[in-house]
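Presented as structure tokens, the chain that follows is alone, the form predicted alone.
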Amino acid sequence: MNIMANGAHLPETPREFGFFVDGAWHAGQDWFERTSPSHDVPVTRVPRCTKEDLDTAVAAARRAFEDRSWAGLPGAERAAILLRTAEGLRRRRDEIARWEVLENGKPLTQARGEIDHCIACFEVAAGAARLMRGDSFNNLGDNLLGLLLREPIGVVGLITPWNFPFLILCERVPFILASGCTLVVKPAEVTSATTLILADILTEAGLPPGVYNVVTGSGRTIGQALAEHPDVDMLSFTGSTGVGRSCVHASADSNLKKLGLELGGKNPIIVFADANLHDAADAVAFGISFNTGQCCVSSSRLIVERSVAREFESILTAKMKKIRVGDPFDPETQIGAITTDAQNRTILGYIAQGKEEGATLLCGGEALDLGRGQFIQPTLFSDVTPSMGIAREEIFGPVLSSFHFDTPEEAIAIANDTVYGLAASLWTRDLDKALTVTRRVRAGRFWVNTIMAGGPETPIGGFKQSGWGRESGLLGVEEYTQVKSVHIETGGRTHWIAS
């Protein structure tokens, strides 16, 4: 038996899952075996579902929607099931965190923190289920009353990524359920375990059959088929901008389904000379290293005022060299493994490209050999120019590019010089400067003197090529609804055709 740091045990044989449709587990005919990216041992086996399996899942979700077993419930009853789910997550927190670590490679301490956020998502969504409302128009004259009804959009397809398998799932699912929709989930092939575990927890909480269905398999087969499916009313996708474009085409070529897209980012973190430089440096190091930089909102472009740039880069380099990379079950570990072989090669390729293009390497820049698994040092490049690949393309790894500026206008221009607009961070003691820059940088999430802060009460989403729509909070429930205008006339009708 493999015993890791903190007494954690690796599975002697992979845990085998089925797929979940219409309230029941189903066995697969073919299997995908996942190997831990940190430990190089097989940890899970999930079915490679077929398009026929997907059709069955969509049909189950459609039946559950049309029979009103979920949409027809009062918001208070939906809220009660969401709250019981939150309690189920609390009870199984350690189990869920362990499988996140084994499949994804992230540190255990981080995984546990993410599940706490997931619990909060279900609790906030429970409140939103009771608060969702329409509107009325009492200004149409004495004989006409206007109503706006919010109705669930129907069957939702949900495609989630491998970098935050459970967190992104739970930033969507409870709000989709709060709206009254049913759903079919397609998790990333390499990180399906916790999405399947949620099926058990929801069922125990009293969710009716067919409301939550999970079909596992590759993006090219099951994901594409879900995006194209004519009986799916809305698709929520989190992943790359390139695949997001394919979802747009699939929607256009099928039934013009509504899309919610959270896509790529090349997020700026702006540091002014008047900031607390040590606080800012710690935030920058965290912002590029959290989840090994495999994070849509990671701060991958440092934009620092020239008068303090070299001093700040020196402070930052010293901090980044102290970041602990290693076994994710070790409570001291801050950065775990790179999740997939392909992503590991991509990150190392960008590091090599940065060196070739003439950027100055201040720290990191190499893979780490820890005896097993795949790990990369946190990496900082300075003297980066806007034309370099590391400056413009989403690396999705712990690689930070540093730019220098002289005026706030120049900092804003550099921050906005990207096709993306997902998130941004700003560090300054000057309130006027903070408000000016915050209002002019184009990003869906903005942090001032903090980084990656906030909870599920506030919406998330991007500008420009970072996506469409918003998730979480009341807006995250409304995203999965459609508005119906109703007019009710009182009194007799004035006849169009004279008697």
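Computed from a predicted model, the values in this text were never measured in an experiment. Don't overthink the numbering: it's just position in the shown sequence, from 1.
There is also a form predicted in complex with a small molecule; it is not shown, and the following applies to it.
- For the options 223, 336, 354, 378, the one in contact with the small molecule in the predicted bound form, meaning a heavy atom within 4.5 Å, is 223.
- Checking 427, 166, 396, 99 for any heavy atom within 4.5 Å of the small molecule in the predicted bound form turns up a single hit: 396.
- Note on the interface: of 262 to 270, 362 to 370, 326 to 334, 401 to 409, the segment with non-hydrogen atoms within 4.5 angstroms of the small molecule in the predicted bound form is 262 to 270.
- Interface residue remark: residue 175 is not counted as part of the site for the small molecule in the predicted bound form, having no heavy atom within 4.5 Å.
- Using a 4.5 Å cutoff between non-hydrogen atoms, residue 183 does not count as a contact of the small molecule in the predicted bound form.
- Contact check for residue 219: a heavy atom falls within 4.5 Å of the small molecule in the predicted bound form.
- Within this chain, residue 107 is remote from the site of the small molecule in the predicted bound form, having no heavy atom within 4.5 Å.
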